[in-house]
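Form predicted on its own, single chain, as structure tokens, below.
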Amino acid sequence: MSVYQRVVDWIDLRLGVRDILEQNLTHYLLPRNINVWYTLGAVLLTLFGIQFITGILLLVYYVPDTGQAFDSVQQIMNEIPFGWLIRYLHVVGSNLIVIALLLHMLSVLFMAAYKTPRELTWVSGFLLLNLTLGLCLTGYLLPWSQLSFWATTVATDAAGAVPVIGDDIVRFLRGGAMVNEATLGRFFALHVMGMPLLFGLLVGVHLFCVRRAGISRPPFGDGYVPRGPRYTFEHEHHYGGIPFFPNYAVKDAAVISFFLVLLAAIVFFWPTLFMPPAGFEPADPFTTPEHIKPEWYFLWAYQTLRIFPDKFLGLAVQVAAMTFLALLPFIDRSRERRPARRPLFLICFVAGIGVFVALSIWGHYA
């Protein structure tokens, strides 16, 4: 018997790891008609892992000081071996995460996987989406470039539309009247410590909800029947389904590989796709660049504020839309999940995507 086998047997005798692996891999059955959209959760875990690793490596050389932040980033890019690669992986990876998150949310909406008994799964996932956007916003300022400085100024200025306390909120976010040293310190602390801790907790809650309730069966095929009301907890088993490992794990690996190839392709062939020229200039509080805009995933919110004569009204519309999405499982109580049987939902679904895309394009070219 090899040393490896003895170590595994010793650990298994005390923790029962083989039984845990069997229950969660080979004996964990999924619906036979499960589709590729279910792999996005594994894709997101992989991309977040890359962000965590590259973020730690960037912290080794990054200096969170307004006088040194930009130069430290330039040092990473030009002097540290493979520093450019680590930074581009971090920047491009954050944008791919937002894309994967939006696709994941749309697939859950389309297949109505947010409905009973998965309300907590949806709410925790929705909170993760917003926390991810918060991580993107706080990380955007850290390079202390013209783009990051003025984009953060525009983003934090939106809070001023809140009646009575708007100015106080802006000063709290910035640590003063304008984006300055205090803002960089606050955003740095949130980006590297506060938000990641909360994010890790929420990921644990989300995965627990998914595993505890069971994977929802896709609402497609002749054999699908909406489930009746439940009065006690019941894990959704899929007898006669396919094992997660190796059957579905192969599909997970294939889609993960696709996103990793996409990440590498952008990093090596178009690394500045998400970094306009202003992102390579040091921040200058006294020179406002032309046509400054937030990142593409905030363009819809940016344009919403611009089309309303009153900023508070634009902000209220955004808050109402996000609140509606967060509470959707408690609003849509129908047990029907098949898209073809939900024409009103399909109309709203397509219209919502259209409005998001239209506002984003309008905000980009306005």
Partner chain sequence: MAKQVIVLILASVLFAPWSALAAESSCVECHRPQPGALGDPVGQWEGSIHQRHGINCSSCHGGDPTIMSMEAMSLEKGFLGVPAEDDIPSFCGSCHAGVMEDYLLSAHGQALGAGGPHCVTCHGNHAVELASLDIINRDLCTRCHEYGQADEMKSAMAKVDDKISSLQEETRRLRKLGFATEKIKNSIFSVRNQFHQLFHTVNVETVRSQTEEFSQELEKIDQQVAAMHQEVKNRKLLGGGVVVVLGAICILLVLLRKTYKDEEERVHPPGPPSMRP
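Quick caveat, the model's predicted, so the values are computed rather than measured. Residue numbers count along the first chain shown, from 1.
Only in words, not in the display: the form predicted together with its partner chain, which the text now covers.
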{"property": "The unique member of 277, 204, 285, 185 whose heavy atoms fall within 4.5 Å of its partner chain in the model of the complex", "result": "277"}
{"property": "Interface residue in the model of the complex among 130, 180, 272, 116, criterion: non-hydrogen atom within 4.5 angstroms of its partner chain", "result": "272"}
{"property": "Contact label in the model of the complex: residue 231 to its partner chain, heavy atom within 4.5 Å", "result": "no"}
{"property": "4.5 Å heavy atom contact, residue 32 and its partner chain in the model of the complex", "result": "yes"}
{"property": "Residue 246: touches its partner chain in the model of the complex, heavy atom cutoff 4.5 angstroms", "result": "yes"}
{"property": "Interface membership of residue 242, its partner chain in the model of the complex, 4.5 Å heavy atom rule", "result": "yes"}
{"property": "Candidate site 111, 172 and 176: all three near its partner chain in the model of the complex by heavy atom within 4.5 Å", "result": "no"}
{"property": "Partner-facing stretch of 255-263, 133-141, 290-298, 103-111, counted where any non-hydrogen atom is within 4.5 angstroms of its partner chain in the model of the complex", "result": "255-263"}
{"property": "Contacts with its partner chain in the model of the complex, stretch 209-232 (heavy atom within 4.5 Å)", "result": "217, 223"}
